[in-house]
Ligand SMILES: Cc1cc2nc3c(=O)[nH]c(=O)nc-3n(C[C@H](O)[C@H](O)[C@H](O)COP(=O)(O)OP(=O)(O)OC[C@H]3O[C@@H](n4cnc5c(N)ncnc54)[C@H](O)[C@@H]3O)c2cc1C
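Just one chain follows, in the form predicted alone, and it is written as structure tokens.
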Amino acid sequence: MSSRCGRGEGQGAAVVIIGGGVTGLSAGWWLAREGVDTLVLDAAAAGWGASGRNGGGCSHHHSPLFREEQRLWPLMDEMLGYPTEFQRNRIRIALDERQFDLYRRASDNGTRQGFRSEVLDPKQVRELVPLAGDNVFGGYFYHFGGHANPHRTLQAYAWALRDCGGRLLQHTRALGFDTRGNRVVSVKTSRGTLACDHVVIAAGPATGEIAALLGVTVPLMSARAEMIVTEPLPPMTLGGVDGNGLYGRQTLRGNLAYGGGPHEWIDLADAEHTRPYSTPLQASIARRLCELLPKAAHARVIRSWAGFIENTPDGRPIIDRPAAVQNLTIATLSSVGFGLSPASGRAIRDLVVTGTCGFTDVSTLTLSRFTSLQPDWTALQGWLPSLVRGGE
């Protein structure tokens, strides 16, 4: 494909990326750093959705992108030129035998891929996690993964994109496409028509709706993911601690920032849900956080956030170039986009430039796996708007 095409901002770009969340910004940066003329659009402010409202985890052992995720995160501050506040390693606390058996999966999966873990007894957990209590059953010390600051990381991607010559248009909604044969030739937006050689749709929960304008079906269901943040507490040596159905971290200032199901499934077309406002789900998160870290139970919750996340039927990302449109790449990370973003952005760059991912096999992430999906799959899985579903 072409690289620098000499188009001005109002004329488009070689690659137009729809979606200025962490996936779209990472893909844009990876493309721009190789000299590809890249323009990222977002309907609101970049990262306004779940990309800036998540637990910051970087430990997706179940993904084919995992090894690249682990290789890249320690390098990202230097590569981007801006801080992400990435911290290595993670401890997961189990409060009962069922949780202990469940969390062993991450340890086993990491071991199979060459990453080390340690089993912790209750005393060791309390020594490593001063806020833990006497209700600990056991835990795991994962010598992989870690966490970063979502806001800092989004900012780093956006600034690094700019430094490499890429562009970001915020508050610019994608409205449709002009096509010629089985190719997209331009994107119609709220700021006019933008010519392009390739389109990437990485618009989070809106990915399915936008892809449908090109006749491509992307099965997604949206949910509100909520986080709570406490007042600062004395910093622990290792801030990456989770368990009891929660994900999150202690920030560098000492705040505890945590979230975790149950999700509230929503219909994005419902005008009532146009903003990711907070809900009573924060009470469940606060209760489970008090159980996980009893010595922090006195801490006040000073704010909460919510962001929309998208979920595919099997919970796995889609990163694919569907055959129906020759110059289209679809990327939906199914609610795990933040941690995988260094690797997913590189994979998207590879698909756009060469048509194949050069560092890992992403064949399990193709859209075609849903060809025989039942039309009522959301109802069959109980993913219905206005019903609280999910758990640990």
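One rule holds for the numbers: they count along the sequence shown, beginning at 1. This one's a predicted model, so the numbers in the text were calculated from it and none came from an experiment.
Quick note: we don't show the form predicted in complex with this ligand, though the next part is all about it.
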Options 157-165, 117-125, 94-102, 197-205; stretch whose heavy atom lies within 4.5 Å of this ligand in the predicted bound form: 197-205
At the 4.5 Å heavy atom threshold, is D37 in contact with this ligand in the predicted bound form? no
With the partner left out of view, is T179 within 4.5 angstroms of this ligand in the predicted bound form by any non-hydrogen atom? no
With the cut-off set at 4.5 Å between non-hydrogen atoms, does V336 touch this ligand in the predicted bound form? yes
Do R183 and this ligand share at least one heavy atom pair within 4.5 Å in the predicted bound form? no
When you measure heavy atoms, are F66, T153 and R346 every one within 4.5 angstroms of this ligand in the predicted bound form? no
Using a 4.5 Å cut-off on any heavy atom, which residues of 207-241 would contact this ligand in the predicted bound form? I210, A225, E226, M227
